[in-house]
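In structure tokens, one chain follows: the form predicted alone.
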Amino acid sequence: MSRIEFRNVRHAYPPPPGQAPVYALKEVSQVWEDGGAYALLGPSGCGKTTLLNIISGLLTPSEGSILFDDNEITQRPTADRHIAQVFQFPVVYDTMSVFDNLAFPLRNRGMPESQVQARVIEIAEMLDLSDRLKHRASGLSADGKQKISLGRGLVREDVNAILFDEPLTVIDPHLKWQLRSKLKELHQQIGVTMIYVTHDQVEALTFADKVVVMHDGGVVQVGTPVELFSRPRHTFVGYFIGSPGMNVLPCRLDNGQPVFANNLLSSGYPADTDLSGKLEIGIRPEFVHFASQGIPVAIEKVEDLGRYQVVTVKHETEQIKMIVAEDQLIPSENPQIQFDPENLRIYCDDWAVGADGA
């Protein structure tokens, strides 16, 4: 296992003739600590897979350095990096048995057969494949084949990290939760560094100890699920994480406090009054409440989701989402709302300002 470090890494794919390069991965300086469980989270095209392939050596970055435990490996081939990679679509040898699929990486490295037997049986027990070891891989379902792909990464004890590139995309929805739980359990058992690429916030937040949120080719925030929810440093993080996402509304400043549509608000994170740029406030729907005095709104929609209701209100031209308890009455006349000051953040050009902001 290794500590993986990116130092000023950038990557551009070859552009058409006569055009300047466009960077799929903007400058990234990031550390993945030895033994950690990480997720790379972001929408399609944000650079997640590019970053993963640079770690594995399938891509050589245009600029910057990659270190494993302080050893420079930027130009070293994939085979020398001792990386296991599990792809979106299961890669198995259909004509082989499950046992032979799991044993393949060990036999390929010349391990004695007695050790191969012991290690394969151990990994098969972890993956609940013990009763299928003699079966041909071609007869397995998609989740069973993906377990084999995972097992081929786990069976080697010399890997520096296991990389997952959206491994649950082709798995039936009712089986995804089981495999996510199994991955989490396996990480706790073996402690190898795992980096998991996904666009699904549920997968990222349930699997990872730390989530690396990516947007437009760059890393915008790294944190625990709680940190990303409660203290988003970028408006994209607030919008992308949470359901519904964070409300982002235009504002101006008055003595460091935000003013939204001529309503002076209170924030626990006051900002400098000399800020220049696009100013906005961010407030999650969980921290918007009906009140006897506050911002007047019109109720546009109420969605009953069982345990809670999602209420969409409007003040002038701005829509605001609220999460309201299932047993709470929604005002029928002259509704007004308030924002929780301790969870109201100010953003300048999409970055949080004030205490512990960007």
Ligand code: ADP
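Residue indices: 1-based, along the sequence shown. Given the structure is predicted, the values throughout are model-derived calculations rather than measurements.
Not pictured, yet referred to below: the form predicted in complex with the ligand.
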Legend entry - is_contact(Gly47, the ligand) in the predicted complex, heavy atom dist at most 4.5 Å: yes
Inset, instruction - Report yes if any heavy atom of Pro43 sits within 4.5 Å of a heavy atom of the ligand in the predicted complex; otherwise report no. - result: yes
Inset, instruction - Tell me, yes or no, whether Ile337 is in contact with the ligand in the predicted complex, where a contact means a heavy atom of each within 4.5 Å. - result: no
Legend entry - in the predicted complex, Val9 touching the ligand (heavy atom, 4.5 Å): no
Legend entry - Per-stretch contact check against the ligand in the predicted complex, the hit in 49 to 57, 313 to 321, 292 to 300, 326 to 334 (non-hydrogen atom, 4.5 angstroms): 49 to 57
Legend entry - Contacts with the ligand in the predicted complex - residues in 149 to 181 whose heavy atoms fall within 4.5 Å: none
